[in-house]
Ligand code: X2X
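Only one chain comes next, encoded as structure tokens, the form predicted alone.
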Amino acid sequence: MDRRSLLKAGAAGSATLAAPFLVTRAAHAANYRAEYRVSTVVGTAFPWGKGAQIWIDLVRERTQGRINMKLYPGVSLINGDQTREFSAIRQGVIDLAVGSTINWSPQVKELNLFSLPFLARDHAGLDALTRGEVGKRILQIVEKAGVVPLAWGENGFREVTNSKREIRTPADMKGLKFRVVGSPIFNDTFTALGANPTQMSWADAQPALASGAVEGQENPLHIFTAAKLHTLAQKFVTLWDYVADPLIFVANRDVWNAWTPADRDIVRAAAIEAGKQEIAIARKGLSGNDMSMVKEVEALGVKVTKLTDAEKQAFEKAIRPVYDKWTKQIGADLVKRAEAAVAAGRGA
């Protein structure tokens, strides 16, 4: 056989060997859906929504369009009921999500860990939880509950705002009507402080603040600015960092299993990268020497009060019965591990 014939034979052989891989890949691509729905509570004006969109864009680029994800903010796939989101992911109503540990805690009780008042305290304490053994344990629990967890994100530390007065002591909370999220621990916390909490979705909260049906709320500062809460009579902000709100990037199990192992690796890596970028966005102006977000809020004509450690201790004391009650429900061993992790992470 001459050289030209050998080259033709080699090329034919290579094509024959490659054909099954091409057919397999094409077959997998043909079985993929045209669109995968990604649920979030808020849109891309907020770090949370930005993180979801970064994930979507990375996946589309790295899979060459095989996996096309689309953002559905406002938990619109379930008519805005954010506490139903986890169940909807498990049931397949939602394909993927970047969700709040707070919103999912009614279905996964251990997620209330992050809502224990004054547990994490600061970013170092929060990182010690999510990046360590406690974080791994939480993700295992989430997976056992029926969805596939992929990465951590962050909504931020929740600060309290209201339309009536500066809050420096628990007594200042007495009688104020606050919108709180639909997780029972928040109802317990604000009741213990003498406030009147009302659980409602974020979609319902904004008109309630505008009308005066509720007088205050609690959320990270970047939610305050993006949602323009100063236009909804929120004239007083108290920085107390009482609760952190980590986010989790997840996938429905059937959707996940329908993808090739290689594509699963791409989606997970993209979630991890998007999570890191989202956390950086959420902390911008609120960490280290850069507290420019506080100045931005003050420039809106809002009174910002930063509690001292002694002032925070007064709130901690008032809320301690709630902490102890929920420690039992979450699991004393998990809480003990979390407290140790935070102490070590903060150098306490």
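Start at 1 with the first residue shown and count on from there. Bear in mind the structure is a predicted one, so any value in this text is a computation, not a measurement.
What comes next is about the form predicted together with the named molecule, which does not appear here.
Heavy atoms within 4.5 Å of the named molecule in the model of the complex belong, among the stretches 142-150, 155-163, 188-196, 268-276, to residues of 155-163. Within this chain, A282 is remote from the site of the named molecule in the model of the complex, having no heavy atom within 4.5 Å. None of the heavy atoms of V38 is located within 4.5 Å of the named molecule in the model of the complex. Not displayed here, the named molecule is approached by N219 to within 4.5 Å at the level of heavy atoms in the model of the complex. Taking non-hydrogen atoms only, W256 never approaches the named molecule to within 4.5 angstroms in the model of the complex. Judged against the named molecule in the model of the complex with a 4.5 angstroms heavy atom cut-off, the residues S105, V243 and I330 are out of contact without exception. Site annotation in the model of the complex: the residue of T238, Q234, N112, S100 reaching within 4.5 Å of the named molecule with a heavy atom is S100.
This chain is drawn without the named molecule; in the model of the complex, the residue among L116, L209, I248, I223 with a heavy atom within 4.5 Å of it is I223. Contacts with the named molecule in the model of the complex, taken as any heavy atom within 4.5 Å, map to no residue of 286-325.
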